[in-house]
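This document opens with one chain alone, in structure tokens, the form predicted alone.
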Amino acid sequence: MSSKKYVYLFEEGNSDMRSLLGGKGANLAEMTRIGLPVPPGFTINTEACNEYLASGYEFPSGVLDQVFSALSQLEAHTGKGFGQKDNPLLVSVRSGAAVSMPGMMDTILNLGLNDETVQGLAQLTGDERFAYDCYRRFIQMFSNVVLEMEHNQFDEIVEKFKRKLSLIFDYEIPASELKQIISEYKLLVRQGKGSDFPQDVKEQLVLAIKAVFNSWNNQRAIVYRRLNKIDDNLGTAVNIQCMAFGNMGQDCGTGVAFTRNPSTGERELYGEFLVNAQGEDVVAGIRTPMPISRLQEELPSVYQQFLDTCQKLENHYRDLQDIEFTVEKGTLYMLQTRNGKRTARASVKAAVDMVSEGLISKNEALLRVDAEQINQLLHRQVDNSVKLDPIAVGLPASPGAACGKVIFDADMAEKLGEAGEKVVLVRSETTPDDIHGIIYAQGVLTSRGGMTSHAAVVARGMGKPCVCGCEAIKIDPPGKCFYIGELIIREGDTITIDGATGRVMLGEVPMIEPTLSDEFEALLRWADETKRLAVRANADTPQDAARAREFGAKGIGLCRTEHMFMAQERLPIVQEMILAESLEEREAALARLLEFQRDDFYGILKAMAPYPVTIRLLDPPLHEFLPDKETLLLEIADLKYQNADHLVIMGKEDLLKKIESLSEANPMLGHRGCRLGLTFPEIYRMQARAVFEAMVQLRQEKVETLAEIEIPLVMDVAEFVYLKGEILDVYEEVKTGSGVELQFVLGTMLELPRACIVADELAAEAEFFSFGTNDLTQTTLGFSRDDAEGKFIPVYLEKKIIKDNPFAVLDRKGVGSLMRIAEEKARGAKKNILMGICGEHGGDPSSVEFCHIIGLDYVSCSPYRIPVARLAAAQAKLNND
């Protein structure tokens, strides 16, 4: 027998053993340790799971011996016998990973029942209906989880009997019919599996443990881990616990509760309860439960004990708790507690309130809120000033509003959502197998289930609006529609759901931008007091700049001037400039563009004053401003077919020749950025003049500005020196003409590996650097972003070749190493040179942390990501300094 310990009784563990016992096992042990009413049990640790999976689904030596030894101690503790007919011990077998994965893995209840022990349970309790109801549930759950049979096959048998007896609820089925249902269940198993349902309780237990271990690698668990960036190597523990029965009558029940509202964060008990039910009935959405407040009416003696227990747990863990409990014959049992999943709004409010209550510190509050999650707070909501006519109302399970086409199938939701269509997933209730569809849907609507059902919990975690338990809708999946009275809503019709109120509206309704709560503002103030990194915005218009300031930006880290060229009234002038045959023609077009550019820079510098604005000179290749070649070819062919004017056709053909002359095999590595400025220096001279003239105008208006003029795609100091000379030459002309001296600096983007390697040489001439991590990732990995993200990055992620999309989360090992080299070389040459990042990574928490670690001065991101970056910057300091 192995000397390695794989099995721990609850009284042997504590909450610090999460990685070994899993979150559920560690918390059951902790609740036992602090004296709460927990049914006795034991945990098979995560090491056993990992060794089992690594060895090709074989138990490590000694595991089963330790399991049955622990089971003997449960028998001694309870006075019951596992498999004993007269006084049977029944157990639950439940998963429990170190990181909470609600509903993703498997559970079996009532294990230990067979044709003999069910009779003993009936005699022992004096309740034959209860005993056979437990056996029915056990056979169905075991057959689904362990024998891998579809649960709806068993549901159909139950529904048949309910129709025959004109019953609504499962618990109304009498014992005589339950016995018939069980017989049909066992026949279904024999027909489906070619063998009888196992009667040996030890065999049941071994098979159940295997099934839970195996469920670590089921498809929904894999998808969930990928979505939430959970390590695939953690494994799950298995918790084996004496059953507490919530389905023994009207003085029994089961429920799920949160110590604070997980949608709003309000300090109020929030949850649901079902009388005469087992736990899976609540979380699976099989029945729509009653609010937890009704527990006070139904079982008043239990209610106060439950309130006291909830407060004790929250004070002990110093966090919002998600609790599962069962009441058996008026006695309360705690089955689970864990830090509750919550919306971003609730996360912020609970954290700030707990600081006020003295439960946690400000620093703990900053670390308590998921930086990525707070992006949810910036989502749109239904405009309540408009009169709305809801077609149905359900439970407000996850806030925010969503509008999209009705889709009934998770696979179809994924397909359409991935293609960019807005869809709302509509189901009777969701199951963990629907997670891929929920990811791609705008929101979720279910006809059954409550605010702690699978759909609600998963949607809240993702920041998706969700309306549950909307019983007015009758779903007809084969007909691909749902009914509300005589109203029919078909697949593809558009609906709007309001997760804050539970309303469902036909069509698209007006939305409003979100407002930020006082708690949110307080948290971000604490973040600003803590962080070292400055946070700027990527903004190309005065409107973007103004919004960025509202969100707390302290400057613009990237103003992309090419976006200004795309405006409808400017594009013909830009094309005229590109098609010019001589320098004189080109300069004439540039002179007209100068007026537009000056106004652009005036507006954006004024909106952000007195903070700095980094203005990147024209970067993309010129062909991007010209018509699409294929479209132009078709247009010319059509004109010729119609015998159009010869001069018009010639003009189009001249344009085609120019497009062909500018065409490049790989334009992202071609004639763009500073290469364009070197070939046509008059373009950059025009842009520099527009910047300086806008600054002169603002100085005359007593507005102080700071422009950081940025030269893109530099690979060598000689490029920078040449273009720096051109820009300074223009400045001298403007200064001489206006008599005004301006405050500006010249720098470059580091977006090529060679630029990072020669950063010391560049630093001798440049006054600031900004990492353009989008292009630096492309040129370091050799990935074309537009092609890679749609074609092979998903395969790389699925095959675990890479952990994250490198265009979303900074590649620390490759791209990050180049950034480290550049930072060290640049600061070695010019100690106080300003360095930041302006790629899409500037709003990603992991990437922000890396920027803090290597000593950058700022990150820059899109306006709506600024609150994320502010909080992430504070968390980076707290976690790394």
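Computed from a prediction, not measured in an experiment: that's the story for all the values here. Note that residue numbering follows the sequence shown and begins at 1.
What follows is about the form predicted in complex with phosphoenolpyruvate (PEP), which we do not show.
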| property | result |
| --- | --- |
| Ligand-site obstruction classification: phosphoenolpyruvate (PEP), superposed in the model of the complex, backbone or C-beta within 2.4 Å | open |
| 4.5 angstroms heavy atom contact with phosphoenolpyruvate (PEP) in the model of the complex for residue 839 | yes |
| Any non-hydrogen atom of residue 225 within 4.5 angstroms of phosphoenolpyruvate (PEP) in the model of the complex | no |
| Heavy atom of residue 785 within 4.5 Å of phosphoenolpyruvate (PEP) in the model of the complex | yes |
| Residue 345, heavy atom within 4.5 angstroms of phosphoenolpyruvate (PEP) in the model of the complex | no |
| Candidate stretches 230 to 238, 647 to 655, 154 to 162, 744 to 752 - the one whose heavy atoms come within 4.5 Å of phosphoenolpyruvate (PEP) in the model of the complex | 744 to 752 |
| Selected contact from 349, 672, 94, 503, since only one has a non-hydrogen atom within 4.5 angstroms of phosphoenolpyruvate (PEP) in the model of the complex | 672 |
| The single option of 564, 178, 723, 558 touching phosphoenolpyruvate (PEP) in the model of the complex, heavy atom within 4.5 Å | 558 |
| Within 4.5 Å of phosphoenolpyruvate (PEP) in the model of the complex: residues from 757 to 780 (heavy atom criterion) | 772, 773, 774, 775 |
